[in-house]
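The chain below stands alone and is given as structure tokens, in the form predicted on its own.
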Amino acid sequence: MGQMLIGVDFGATNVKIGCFDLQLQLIDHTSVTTHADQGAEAAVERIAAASEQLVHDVGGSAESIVAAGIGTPGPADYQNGIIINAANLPFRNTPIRQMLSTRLNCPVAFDNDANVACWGEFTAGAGKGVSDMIFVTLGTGVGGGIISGGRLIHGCGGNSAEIGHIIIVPDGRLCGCGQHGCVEAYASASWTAERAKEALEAGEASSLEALLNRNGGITCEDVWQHRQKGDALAERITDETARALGMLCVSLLHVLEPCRIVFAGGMIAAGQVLLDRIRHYFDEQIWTMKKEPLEIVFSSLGEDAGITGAAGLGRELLKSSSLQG
């Protein structure tokens, strides 16, 4: 095997690691348990050892790794490669980029996990072929990344693209961030389920009631499944979710004018009905002065977006180093 790139998607429970060629084709992947409680040094050692084993298994050696990238939850000082206080990780002021670079003996790129996944879709997934793209993840929260002119947008403090905290309802629902009316409080997977639960507890009739009584809770997946079965409350709740996302797309279009908005995350398992409803509410709310060619699509890389984007950022760093050298 020739030169290889390593992409690392660092989660609180597991770390996904991918091995790629220089054309960003995935060769193989693996995962290790984070064990963050054992400290950053131990975590970096596990990642490096697993990366080297992965490369060895496909016919390479440690020297085959020419660059790597890593994505972690924020907040972090991405310019200097330091995890400041990552969500669900007990790391404080940890120079993660330098630690991994020293251990793998290669340049390492470092960015927010949502930005990394965004870069993956942009370079090798649903955003391929455009210069301006917005990536929106629908999970416990609503996150994302922004590509403008072929470059990731970070903002003055490195923490831009907090897409889920755009306010769409003045004085609306209290969001976990402390603001009121954020799109996340209406359109994330967890809040979609919570709104359905609140409606049931307020006495609204639904086939979801038996599920709530039996399990003590309901999931976003449950709500979408019951919509497909014709449940009126589930249809209303999921339409509210899609409407919030349609409103979000309108705002993102007017501010940034992307060619494409790519939705990812667990909620896109709802399938075509979700995409169709987002597009419906976008068309309903967008201005009529001119036809907008914006494409609204689903992610194509799925769970591989993070490792692909991390490896892709490593490749960009390698190119930059070569030009400077």
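In this text the structure is predicted, and so the values were computed from the model without any measurement. Residue positions are given as counts along the sequence shown, with the first one as 1.
Unshown form predicted in complex with another copy of the chain; subsequent notes refer to it.
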property	result
Non-hydrogen atom within 4.5 angstroms of another copy of the chain in the model of the complex for each of H165, L256 and Q285	yes
Option touching another copy of the chain, based on a heavy atom within 4.5 Å in the model of the complex, out of I84, A232, I153, L212	I153
The single option of N93, Q179, N105, Q228 touching another copy of the chain in the model of the complex, heavy atom within 4.5 Å	Q179
Segment assignment from 23-31, 265-273, 54-62, 289-297: heavy atom within 4.5 Å of another copy of the chain in the model of the complex	289-297
Exercise: S131 in contact with another copy of the chain in the model of the complex, heavy atom 4.5 Å	yes
4.5 Å heavy atom contact, P170 and another copy of the chain in the model of the complex	yes
Contact label in the model of the complex: A189 to another copy of the chain, heavy atom within 4.5 Å	no
Distance check, G216 to another copy of the chain in the model of the complex, heavy atom within 4.5 Å	no
In the model of the complex: members of 136-161 within 4.5 Å of another copy of the chain, any heavy atom	I146, S148, R151, I153, H154, G155, C156, G157, G158, N159, S160, A161
